[in-house]
Every structure is written in C-alpha cells, then in structure tokens.
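Encoded as structure tokens, the following chain is the form predicted on its own, with no partner shown.
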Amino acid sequence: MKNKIIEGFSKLDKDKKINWLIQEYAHRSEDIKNILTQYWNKNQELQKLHEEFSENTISNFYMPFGIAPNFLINNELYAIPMVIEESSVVAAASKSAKFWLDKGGFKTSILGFSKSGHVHFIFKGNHEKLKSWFDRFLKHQLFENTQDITKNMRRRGGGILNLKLIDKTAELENYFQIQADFDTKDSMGANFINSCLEQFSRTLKEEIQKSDLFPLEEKDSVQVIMSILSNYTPECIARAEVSCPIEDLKDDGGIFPEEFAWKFKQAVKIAEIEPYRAATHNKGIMNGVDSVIIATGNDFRAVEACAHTYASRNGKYSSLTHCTTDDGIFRFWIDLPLAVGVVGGLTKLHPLVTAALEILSNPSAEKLMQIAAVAGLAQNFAALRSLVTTGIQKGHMKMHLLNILNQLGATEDEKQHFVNFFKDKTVSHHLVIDEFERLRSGKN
C-alpha cells in the first residue's frame, strides 16, 4: 500500500502520470496507455486548453455532441445542441419537436430570476435585539460595504436585490442566516455571489464589535460558520408548455386522441403522487435539460441538485411536469428552476460551447433557461407518449441496437442486416446475440 502513495503527482507531466498509474494500478499496461493517449488532441494548443480546465488531467473523455432540430419556441425555430451519451435522448427530443411543430410549438416564460446565498452564523445573545439592529443599521451597511464588488453588475442592471435576517434557532441552537437575493444577469454569478457573501461576513463581525447595543460577551459570541451561495434557486424559474385541442393528439401508436390524453394525464398524476415513479420520470426530464446545460458549458450538477430539491419542496418528491385536459384542451407544462450563464466560466473558453451558443443565436441567460426547460419538457413528452402507447423498450432498444452491435464487433453489412431483421421485431439483447451467432456461423 505504501508504494501506491505518491508525493508531487500534480507536478508530473502527462506521460509520467500515466506511467505511474499503470505501474501501480493497471494490469493491461500497453492497452491502457494506448487508450488514454489516443484521445489526446493533436492540436497541442487545444489540448493545453482542455488540461487547464481541471487538475491532474491525463486524457480527454469525449461525449457525443448532437442536434435536435425543428423546435418551435415562441414562434422562433431552434436547432438545440445536446451533449449526452445515452441512446434515444436526442431522437426522442427531436420527435417531440416535430410532433408539436404544427400545433403551435412550445411557449415559454420566465417566472423569476433571482438567486440566493447565505452567511450562516451563530449568535449567543438577545435575538430580538439582533433583529432590530439588522433592520435599522446592519442591512444598510452590508449594501454599502459591497459597492465596489457590485459596481459592474449594477451597471448591467443586476446586483443585490434584497437582504434579510433569518432566525433558525428553533432548528439549531443560536443559528441565524443572512440571506441575500441576487440578479446576476447573463452570468451564473457564483464568484460574484460568494464575494458579496464573504464581505457580508466581515462586515457583520466588524460592525457588531463597534456597536454600543451589545455587551462584550454577545459581540464575542458571533461565529461565522460559512458564507456560500445556494444551488437551490426556487425564485429563478423558467416555464415551458405545450397545448392543443385533444382531437389533435393523433398518434401513430394505434390509440385514439381521447384515450391518449386520458392515459397521458394519468401517467403524470402517478408521477406526482408516487416517488418511485417520480424519480424515473424526472430523470428523463433531466436527460433533456442536462444535455443542453453541458453543451452550453453550464454546471449540470448544480442544475440537477436544484431540480430535485424543487421536486421535494412540498415535503414529498414529486413530478416536475404537470398535465390538464380541461374543456377539451390538452395542456402539458414544466416549471423548472435553472441558474445558468452565457458569460464567464467555459462560455468563452471551450470552442464547442461557443459553437453551441452561436447555434442558439447567442441567447441571454433568460432565453437559455427557457430553451433548457423546453428540452426537458420535450424529453418527458416523448417518454410518456411511448409509455402509454407502444411501451418504452421498442424505441429505446432500437436505438440501443447499435451499441450492442459495436460491442460484438459487427461489420457495416452485419449492422444493415440487423436493421432489416428488427424492422418488425422488438429488440432484445438475447435476440441480437442469437441472430449474431447464427449469422456468423453461416446457418440459414
């Protein structure tokens, strides 16, 4: 075990990092080395750029960059870039886009655009006195002491929207928060928010020491635990929706529009009340959302965490989408919290991110929120449409067929044989294996 401990790993070049890794952890030394080095970009400048995104980089991990065309959003056509490795996601989104193209497309709006962060601190003193002091004095001082930090953001129309003191002592002894709400315009704003919060914590400690309102023991009792933005943004919401008369829901799955609408609505209701179903339901939504978030250089982990927290906001994990069929109108929508940016981060660094944003006509952050919400809604519509008609496996496994054939080392002629073979059959792994073995053995 001691042999595997290494000092100064980050200072080694890529070759030395790989050689050490193979020596200590890998058994197929030449295979592993070839696999890692074949993904190095031949453009050394581009390779260096990728390596500087993260630490201890030894190779690049490529993911497919796909396009889902024909999205009519607020009467404007989009081709949406999607980065994802899962079969059928891009195809399903594209199919939804085509389905709604002649029905008015997708309508979107922004329901809110503020993000929050907190100074978490302990105060062992008079709670009412602290609240009064915050409202009468400290709140103004917090705004004042961050003027230099917020200057550029205010110039762009953003900045600090609101400050409030939150008493959490009923849940944790002597625990308070300063909650700050921000508008970060077209940036995701993490660095901006955290810089403001850290200044708030310094101002809190400095000003309470100067105050004549508190005795020395109360002043000294203030302990800042941490100052950090929240990835939960329930006030930063994009809505995407589709609607049409129920009789227009003609489907090629051999089901009448009225039955389709009823079954679809029931499927959504089940996801609203049953967490086991909601988890898979929402995962499918995030297939669409995350693929747009990744393509545009945003933080899909933050978006995922926020979405699932929002899905639990009423005390029970539930569906992110909703459906009604009132007065003969089918309506399907999603309200999704999304904190995204189109400036800063990777947006001007990663060449594929700049390409993705250009394909989307260089949207504002608000517009990108709406596009990502549409991708999630489209993905969910496609999944539910399959579930209540033909079943999910028919379409998904046909898309997965190529993965199975590539694993088996099938030739192009053999792949074409399988496309024809499964035209009237449901793809299953064992059936592919059986037919592949029959084909290779030359049996009639």
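A quick note: this is a predicted structure, and the numbers were derived from the prediction, not measured. We number the residues from 1 along the sequence you see.
Omitted here: the form predicted in complex with a small molecule. The next part is about that form.
In short, of 62 to 70, 380 to 388, 45 to 53, 22 to 30 it is 380 to 388 that has heavy atoms within 4.5 Å of the small molecule in the predicted complex. Contact check for Q370: no non-hydrogen atom falls within 4.5 Å of the small molecule in the predicted complex. Using a 4.5 Å cutoff between non-hydrogen atoms, N162 does not count as a contact of the small molecule in the predicted complex.
Contact between N287 and the small molecule in the predicted complex is found at the 4.5 Å heavy atom cutoff. In the predicted complex, no heavy atom of K107 sits within 4.5 Å of the small molecule. Residue in contact with the small molecule in the predicted complex (any heavy atom within 4.5 Å), chosen from H350, R239, R277, H322: R277. Checked against the small molecule in the predicted complex, the candidates E258, E86, E76, D248 yield a single residue with a heavy atom inside 4.5 Å, and that residue is E86.
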